[in-house]
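Before any questions on binding or motion, here is one chain by itself as structure tokens, the form predicted alone.
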């Protein structure tokens, strides 16, 4: 069963869109910013992701083929089955993405995508080098066991990533209301990249924003609180090696410090980012609580329903 590598096919489109966005910003004097070193870091992260996929891709694919050998089900490859697989895989993406913000071990791989303080199409290419080590491939296991061929699952996953490229822009304000209601858009995804307390841990969708609305993680973009991009504590570096591995090193330092219990060591890996055994750091929930203590009038506004 052969499916095209849609991410490779889309590379010329990615390049053309980046050039178009840059020209748009320079001529219109609006719609975002480009910083040469930041954009170069994003491109290097994207190139590194391609290399890692080539080198380590056999791990996930081998696991998927092992599962395929176990299941007695085969749903075939009709257009309808591919469409169903696409929707279900997008639901899978939502949960993997949510785990990526709520479990530090997974966040260590995903954090690099949020490390840019700019928001443009090159940010979409700032991809992980360490995704294999999170073992989140297991979340795809139910799809394969249900009878979706591994090649199909990887194909629709590629379509998902290609879709997400265009939503990494400030050049597009809002899409039509009906589209914003169902689909992930630049406005929705700007919120996801915001470091503002209101926007932390929200809008995890890949293609369909309906998942966030169903599971209570949707926050709309608010004009009076425009997203500020980057991390709660920004890295202050354009070194791709530090961008790729800094959180893994942070986990190692925290887990190996002296004078803490075995439980604390485990929690430094599986608790939400910002958790600490002595309470000296803040998780996203604690950041929101402290914001509300300073600004109680925000309590009934979007983003502060304290999931």
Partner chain sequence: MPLPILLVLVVGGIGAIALVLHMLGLSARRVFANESEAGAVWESEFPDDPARQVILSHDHHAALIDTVQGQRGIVWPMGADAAARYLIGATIRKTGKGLNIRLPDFTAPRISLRLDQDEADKWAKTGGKRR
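Numbering follows the first chain given and starts at 1. All of these numbers come straight from a predicted model, not from anything done at the bench.
Heads up, the form predicted together with its partner chain isn't pictured, but that's what we're talking about next.
Screening 36, 257, 27, 261 for any heavy atom within 4.5 Å of its partner chain in the predicted complex leaves a single hit, 36. Exactly one listed residue, out of 71, 237, 77, 130, brings a non-hydrogen atom to within 4.5 Å of its partner chain in the predicted complex: 237. Residue 117 belongs to the set of residues with a heavy atom inside 4.5 Å of its partner chain in the predicted complex. Its partner chain is not drawn, but in the predicted complex it has no heavy atom within 4.5 Å of residue 226. Residue contact check for residue 54: one or more of its heavy atoms lie within 4.5 Å of its partner chain in the predicted complex. Contact check for residue 246: a heavy atom falls within 4.5 Å of its partner chain in the predicted complex. No residue of the trio 175, 177 and 289 has any heavy atom within 4.5 Å of its partner chain in the predicted complex. Taking its partner chain as it sits in the predicted complex, the stretch 71 to 105 never comes within 4.5 angstroms of it through any non-hydrogen atom.
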